[in-house]
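Heads up, the chain below is alone and in the form predicted on its own; it's given as structure tokens.
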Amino acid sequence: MVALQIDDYGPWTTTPEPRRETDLQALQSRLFATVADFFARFDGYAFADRYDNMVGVANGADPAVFERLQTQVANQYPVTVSVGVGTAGTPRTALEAANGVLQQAGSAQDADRTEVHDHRVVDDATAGTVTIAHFDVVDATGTLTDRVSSAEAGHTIRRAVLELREQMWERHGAVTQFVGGDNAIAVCPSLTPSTLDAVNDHVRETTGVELQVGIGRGPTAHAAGDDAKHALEHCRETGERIHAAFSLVER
């Protein structure tokens, strides 16, 4: 997992005086597009997260390649980024290790901490296959988009995604991100059908939102994610709530 953080961003946004919020939103969106395109070159995924802090997965890529991303950002934007890379047994532990690289180097609002780049390995873990779970809301158009205001629909979906994120993070060591519309993508350890059933049941019971999920596995996030998207289409076409592009075996 990869953690990216804009350097000294809080102070920069108010120096020499507070910058226009619309300008900051546009800057963050363009910067994320640059980061996402960079990850795509290595068949990886990038997620906007909080925009000033972004998350990515790039199994198989040499951690040193992110120095090229730092150079690209510094050449194209009025800000720089620091990058931490973590390798561990679960996505959660890997992301915590990646964040630890940045936190150990200094505060996010420390002007002296600029373009940090390092890789931390936990328990001699090595990069392996990636499991991607692609969730969406069952019939979001019929139950939300065409029935309630956009504000209410957005609140309902984000509340469901928050419950999903917490379950996947706390119980299963997965990193889950909202990716727009009614979709969320989780970078997961290997999970069984009963585990995903329990997660979906919890979200439905606590929020009233029913989810369906397609699961893919592969050597890169792109390979796994592409299979997950096709598996999700199978759910939409058949009414199946969980479908994997590979054989899921109960343990």
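We number the residues from 1 along the sequence you see. This is a predicted model, so every value here is computed, not measured.
What comes next is about the form predicted in complex with a further copy of the same chain, which is not displayed.
In summary, among the residues 203, 61, 46, 191, the only one with a non-hydrogen atom within 4.5 Å of a further copy of the same chain in the predicted complex is 46. Proximity of residue 89 to a further copy of the same chain in the predicted complex: non-hydrogen atoms within 4.5 Å are absent; the residue sits far from the partner. Interface residue remark: residue 126 is not counted as part of the site for a further copy of the same chain in the predicted complex, having no heavy atom within 4.5 Å. For residue 115, no non-hydrogen atom is located within 4.5 Å of a further copy of the same chain in the predicted complex, even though that partner is not displayed. Contact check for residue 226: a heavy atom falls within 4.5 Å of a further copy of the same chain in the predicted complex. Taking a 4.5 Å heavy atom cutoff to a further copy of the same chain in the predicted complex, the contacting residues in 52-68 are 52, 53, 55, 68.
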